[in-house]
Each structure stands twice: as C-alpha cells, then as structure tokens.
Ligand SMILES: C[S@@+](CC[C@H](N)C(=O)[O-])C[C@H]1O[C@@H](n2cnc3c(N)ncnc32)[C@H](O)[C@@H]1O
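First, one chain by itself in structure tokens, the form predicted on its own.
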Amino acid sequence: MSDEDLYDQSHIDFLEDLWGEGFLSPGGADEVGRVLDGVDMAGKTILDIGCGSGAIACLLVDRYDAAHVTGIDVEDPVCNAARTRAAAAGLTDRITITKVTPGPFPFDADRFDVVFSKDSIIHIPDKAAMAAESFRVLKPGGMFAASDWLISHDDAPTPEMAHYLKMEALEFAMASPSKYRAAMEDAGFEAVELVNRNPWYAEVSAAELAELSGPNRAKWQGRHGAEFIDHQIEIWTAMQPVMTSGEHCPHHIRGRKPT
C-alpha cells in the first residue's frame, strides 16, 4: 500500500460494512440500478471509472449481462480487492481490473459502449478533461452514465462545506451542475441530463449517522476501532448541514455520444 492511498484496507472494510460488500459509495446495487435506468448493458463493453473493490464490475456482468467490464482505479488496495472479488466470482474472463495513473485513459478511441462511474469522479479535478476522455473512448452512440458528488454553486464553499471537506480529507474535487453540464456539452455529448439526488442522500446519510452514533455505536467501534468510528461520526456530523442546505448535492449524470 502507498502512503498516499486514500482508501486503505481499514477504510475499505468500514465502507463495505456500511454500504454493502464490495461497495465504497452509498446505495449499493439499487443505486447502481437507478444510475443505469434505461441504459442497455447486455452484450456491451463497459469502462468502469473508479471501480473500487469490484462489486459493481461483478454486478454489471451478473445482473446486467455486460460482455466485458474494464475497471480502472488509481490505488493498489482497491484494485487488488476488485481482482480478488472477480476471481472469486469466476468472472476473470469478463472483468479486467487495471491500475492507472491520473490523466488520459490508456485506451484507444471508440473502444467502449458505455462509460460508467459510481461516485468516483469526484476525485478527478478536471471535469472537462474527464468528459472529453470519456467521449473519446466511447463508440458512436455510446452512453455516459455516472453518479458524482457535486456542490450546488460556483462560488467558494461555505464554511460548513469547507469544514466537511476538511473532515473527509479525501481530496474531493466537487464541481457544480452548471460546470458539469458545460463540460459534457463542450466534449460533444448530446441529451445531457443531470438529476439531483440530494433529497435521497440527505435522508440516507442522516440514517447512517444515527446507525454509527446511536445504540449500535459500540458494535461499530468493536469492529473497526473506537478512534476510527469516532472520526467517521465527526465526518457524518459535518456532512449533515451541507446536505440539509443542499450545497452538497449528489447527482446522476447522463450523456450520449452522437452516432
């Protein structure tokens, strides 16, 4: 493990315990289904940006019948976990996990039918470059379908948001819906759609905080350590004001590459 890894094994274990085995972002398989609602995955080649520990790659093959999923991430712990999960599921012939470095994708143009990401491109500061690269590697007619954590405006974060981001310490690079739309349209995508998921996660995150800090707190501390869980409670507590205000606004993002 690198000293710079944001998601070490302790974080992977905690997030999977909270959000489901193999999932490092909220909503599990149900939220993946909502991101992909209406997108035909059967027999398609998929690029999964920020594949995490691999549950979604397996899900795309098992439930959505993708022909092949190429998962990319930038850290060894999650890539290793994803490879292990794909092997355990007997899916190594249909899932490839590749560690990449930040920057252009290491793939030829017109390679994939679908570019997918679940709450991972928050770590990519240059949304315009991300959109342009996604457009480049998509086949004509291909779809971009992702979820990401956005900030509701283009101004400096409020003190509440700045405090939350400091507590997370995960190098979040939030963009506004307007910047995302411009990035997608400037890259060439058509039928760009953004759906605000703040009302959903405001409710879910409040329930997560209650789970971590309520009667089950000792159970979580026993599994992951008191200091670790106490810090997670601080993070989730800092999140609540910006969820309530709407400044923190997870979105679904869609776009199609013209034929």
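Residue positions are given as counts along the sequence shown, with the first one as 1. Just so it is clear, the model here is predicted, and its values are computed rather than measured.
This next part talks about the form predicted in complex with the named molecule, which is not shown.
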query: Partner-proximal stretch of 121-129, 176-184, 151-159, 87-95 relative to the named molecule in the predicted bound form, 4.5 angstroms, heavy atom; finding: 121-129
query: Exercise: residue 22 in contact with the named molecule in the predicted bound form, heavy atom 4.5 Å; finding: yes
query: Heavy atom of residue 51 within 4.5 Å of the named molecule in the predicted bound form; finding: yes
query: Contact flag, residue 133 vs the named molecule in the predicted bound form, heavy atom cut 4.5 Å; finding: no
query: Residue 72, heavy atom within 4.5 angstroms of the named molecule in the predicted bound form; finding: yes
